[in-house]
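Take a look at this single chain, the form predicted alone, given in structure tokens.
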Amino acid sequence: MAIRPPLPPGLENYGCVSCHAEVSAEWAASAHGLAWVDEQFKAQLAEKKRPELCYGCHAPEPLLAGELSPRPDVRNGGRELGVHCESCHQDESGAMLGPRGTSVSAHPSKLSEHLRAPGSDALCSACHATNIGPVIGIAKDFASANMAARGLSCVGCHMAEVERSWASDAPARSGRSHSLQTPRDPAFLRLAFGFEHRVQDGKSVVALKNQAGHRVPGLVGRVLTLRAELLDAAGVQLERQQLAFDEKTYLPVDGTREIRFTRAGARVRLSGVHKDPRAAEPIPFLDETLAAQ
């Protein structure tokens, strides 16, 4: 089950909700919506000598109201709404920006290339290329591996395509979920890894490949533990191995690791748990069995 902290306060008075109820509900339960009120964020701030250095990315002024900056300014009001709609969708004139620029009656609208993949990567990187406290600037990995040239984007992985009407006076069309998929969702975390079981020189080997566009994990305090059980044709356990990834032993972008057994087996049963700083107990995200190729 995905980790779902309480919603940010003040939603009932937030103007965007009345027309964009579905999008707002997704955003409000996301890491963006909870960026200012997250308990782990507040606990980390209490330990910082200069906590104000964190404010700009957790309650930023509109990022597209000027040149994109690697250190966004914090807004004065409504900080409890975290990275809210205006943070990514408002320009210097007050117009709302989108990937199409469709005209609506509620407000001026404009098209922005920063909200169309792969141009959106620069917008995401304004905060996610920063190393500060427990945050690892994983957008730097994405850029250094030239993921955009492969047709990949931050939005492409973290904001799933959906079909819906974005406003009360707009027709249904393809858009992006604002739930912001992250490792808090076990099913999404599973997608970070590719696995292969082969027999080499009479011994079973499981290869793990990083399928994310950045290192795994991408947060200090996050630990991913993978267990591999070698089984014979009857399902009897022959051997067991374990790997753990954290901020020091992370799996680099495009990186691979191998689990090598001392003998060959018919199958390997894989399981994985995610220790997240927000969760009281490790959360399972992997339970699969691989036949030898």
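When you see a residue number, it is the position in the sequence shown, counting from 1. Quantities reported herein were computed from a predicted structural model and do not represent experimental measurements.
Just so you know, the form predicted in complex with a small molecule exists too; it's not on screen, but the next bit is about it.
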query	finding
Contact flag, Gly255 vs the small molecule in the predicted bound form, heavy atom cut 4.5 Å	no
Exercise: Cys124 in contact with the small molecule in the predicted bound form, heavy atom 4.5 Å	yes
In the predicted bound form, Ala244 touching the small molecule (heavy atom, 4.5 Å)	no
The small molecule contact at Val268 in the predicted bound form, heavy atom, 4.5 Å	no
One residue of Ala207, Leu191, Val199, Val74 in contact with the small molecule, assessed in the predicted bound form (non-hydrogen atom, 4.5 angstroms)	Leu191
Complete contact of Ala145, Lys248 and Ile283 with the small molecule in the predicted bound form (any heavy atom, 4.5 Å)	no
